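One chain comes next, on its own, written as structure tokens: the form predicted alone.
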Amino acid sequence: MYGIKQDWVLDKRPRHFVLDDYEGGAPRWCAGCGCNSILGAVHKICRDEQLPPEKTLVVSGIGCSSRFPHYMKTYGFHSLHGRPLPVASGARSRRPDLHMFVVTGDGDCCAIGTAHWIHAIRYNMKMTVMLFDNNVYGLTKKQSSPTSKQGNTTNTHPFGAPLPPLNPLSVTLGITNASFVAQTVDWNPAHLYATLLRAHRHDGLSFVRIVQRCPHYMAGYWDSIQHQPEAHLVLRDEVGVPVDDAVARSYGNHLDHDPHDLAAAKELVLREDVLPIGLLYLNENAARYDEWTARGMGMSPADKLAGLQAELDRMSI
């Protein structure tokens, strides 16, 4: 317009995010529930990595853990039972710019969501998948889950679960194209944070099993491990989960483990004398399906219409 200068540039003010930028509604989990510590770790990761809230997405399924998106001041999708991974995969295929966290439980992932779990691992699309594993269905009031230990009493098996539990880690390690598999515990905030941060920075799908307490239905269930430092085996490697002084002092039982060794990882997750925590397996060269689905993202509407018309022409008789 006449009389208005056109040679100026509006300088954007730098943005700095604090915890309040990520903290959503007040959590309604039970006091002492491991979900609370996991939520706190994710809040801190978002702040420390300075993830723009409008560029961050949390997807969940159904279960106590899956209320997670309601407690994040970011975009969230509270999906159907067992369906967080296909929802997240769909979002990733069209939004390669987002920072994505997927929240799922041992029932949500390892029962009704098993098929999606297997194929999401194979697709290896960039996202951080957190398996909250408390060995029980909590939201529906204490039924056996696929990871419930044999003999554990629940409302569905008052005389004890009759079958051996499914091992989420050994299953994941057996899936083609797995690229990042780790384990941590909710009662050690330093290791929990370091594990999830390392998972977030992985270029691919990072699968983290979090051994989690349920103080209401499984009170004292993890005490034999939680209160015995020697029951933990801390995995060390320069490309693995960093072990700070606090974690090193808490647990004296350490192991130098090469996460590129798949056979060694499979042996570790089957051990029953200790609980290995840290990065179990890493494959930086695993193929990523989201790199394939991102092709053509920059096409103009005219190019898309032309491509669609060309495909329809191929089918003409």
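Numbering starts at 1 and follows the sequence shown. Keep in mind that this is a model prediction, so the values were computed, not measured.
Just so you know, the form predicted in complex with a small molecule exists too; it's not on screen, but the next bit is about it.
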Check your understanding: Looking at the small molecule in the predicted complex, is some heavy atom of each of Gln183, Val241 and Ala264 within 4.5 Å of it?
Key -> no
Practice item. Flag Gly138 as yes or no: does it have a non-hydrogen atom within 4.5 angstroms of any non-hydrogen atom of the small molecule in the predicted complex? Key: yes
Check your understanding: With the partner left out of view, is Ile277 within 4.5 angstroms of the small molecule in the predicted complex by any non-hydrogen atom?
Key -> no
Point to revise | Touches the small molecule in the predicted complex: Leu268 (any heavy atom, 4.5 Å) | key: no
**Study point:** 4.5 Å heavy atom contact, Val171 to the small molecule in the predicted complex
**Key:** no
**Study point:** the small molecule in the predicted complex: contacting segment from 220 to 228, 86 to 94, 138 to 146, 161 to 169, heavy atom within 4.5 Å
**Key:** 138 to 146
Exercise for review: Select from the listed residues Leu282, Cys46, Ile62, Ile38 the one whose heavy atoms reach within 4.5 Å of the small molecule in the predicted complex.
Suggested key: Ile62
Study note, to complete from the structure: The one residue among Arg201, His119, Arg236, His81 placing a heavy atom within 4.5 Å of the small molecule in the predicted complex is His81
